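Just one chain is shown here, as structure tokens, and it is the form predicted alone.
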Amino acid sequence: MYLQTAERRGRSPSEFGGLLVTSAPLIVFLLLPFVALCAAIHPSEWLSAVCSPAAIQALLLSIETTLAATGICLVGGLPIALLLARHSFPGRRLLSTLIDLPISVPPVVAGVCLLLAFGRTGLVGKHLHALGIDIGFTTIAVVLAQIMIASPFLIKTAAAGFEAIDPDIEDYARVSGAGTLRVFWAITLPLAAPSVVAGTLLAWARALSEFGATMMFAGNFPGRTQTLPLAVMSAFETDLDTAIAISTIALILSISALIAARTLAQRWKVTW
């Protein structure tokens, strides 16, 4: 089937075979560690480790914080995505670069930045501390770290969806008397929904895997700031089976989110 598809597209089967052979080493290299992880523990031992208090506690905290972080990314990110997709203004390129910055900056650096901004003696944190509000090394700090790292994935993917909408469709609605908000809720958002949903899933998956910024800004306190990645690090020092089991939970959740996002992207021709 793949060879027939290649022929229909004017590409030779020999090219396909050559590329497949030359790609195989890196593909195997990328796949092998995950296979090793899944094969490293017996199913019965895996079930016992997954049901351990540390694993359950970390899983519940991760679900709670990632859902909160993703929800905030969605509410705050959609206006930014629409702004970037629809308007040209001074500083647009700078804004786009700033949004991409958390992707390229090491997460531990992002954590230090958050600590210097919102920590007890930070730029904003010292004023909050004077009011009796401390953010650093709390569950709120976990959510903020996840928002900072995950928001670019939602914003960029949603912006691509907004850019793909034919503006004439919205113009027709405005000519018919629909206001800006009605056009957005009735036309723009439904048409961009596949991109928005895909971006939301990607943001959630990235928030789930966040480690460095969380460690620096929130610490590693079981039940309060210890998410799945941090629980893996802690368990690795004392109980390898538990570390492997928690790692597989994170892997399964991440794969599920990526498959769902890519399915949407393929079905609705979304680019991300």
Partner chain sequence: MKAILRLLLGFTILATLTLRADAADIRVFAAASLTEAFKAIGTAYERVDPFDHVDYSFGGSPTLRTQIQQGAQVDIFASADRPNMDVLTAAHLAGSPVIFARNTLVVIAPSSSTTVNRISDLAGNGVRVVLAGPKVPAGRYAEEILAKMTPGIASNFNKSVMANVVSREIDVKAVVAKVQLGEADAGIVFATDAIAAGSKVRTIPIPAKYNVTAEYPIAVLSSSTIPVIASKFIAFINSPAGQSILRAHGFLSGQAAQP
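What you are looking at is a predicted structure, and each value in this text was computed from that prediction instead of being measured. Residue numbers count along the first chain shown, from 1.
Note that the form predicted together with the partner chain isn't included here; everything after this is about it.
Q: Taking 4.5 Å between heavy atoms as the contact cutoff, choose which of 152, 194, 119, 107 touches the partner chain in the predicted complex.
A: Exactly one listed residue reaches within 4.5 Å, namely 119.
Q: Looking at heavy atoms inside 4.5 Å, which stretch does the partner chain contact in the predicted complex, given the options 42-50, 55-63, 213-221, 22-30?
A: Of the stretches listed, the one contacting the partner is 213-221.
Q: Heavy atom to heavy atom, is residue 102 within 4.5 Å of the partner chain in the predicted complex?
A: Result no; residue 102 lies far from the partner chain in the predicted complex.
Q: Is there a heavy atom of residue 134 no more than 4.5 Å from a heavy atom of the partner chain in the predicted complex?
A: Residue-level check for residue 134: yes, a contact with the partner chain.
Q: Just checking whether residue 38 would be counted as a contact of the partner chain in the predicted complex - the rule being heavy atoms within 4.5 angstroms.
A: No, residue 38 sits far enough from the partner chain in the predicted complex that none of its heavy atoms falls within 4.5 Å.
Q: With a cut-off of 4.5 Å between heavy atoms, is residue 78 one of the residues that contacts the partner chain in the predicted complex?
A: Looking in the predicted complex, residue contacts with the partner chain do not include residue 78, since no heavy atom lies within 4.5 Å.
Q: Even though the chain is shown alone, can you say which residues of 229-246 have a heavy atom within 4.5 Å of the partner chain in the predicted complex?
A: Heavy-atom contacts within 4.5 Å come from 233, 236, 237, 238, 240.
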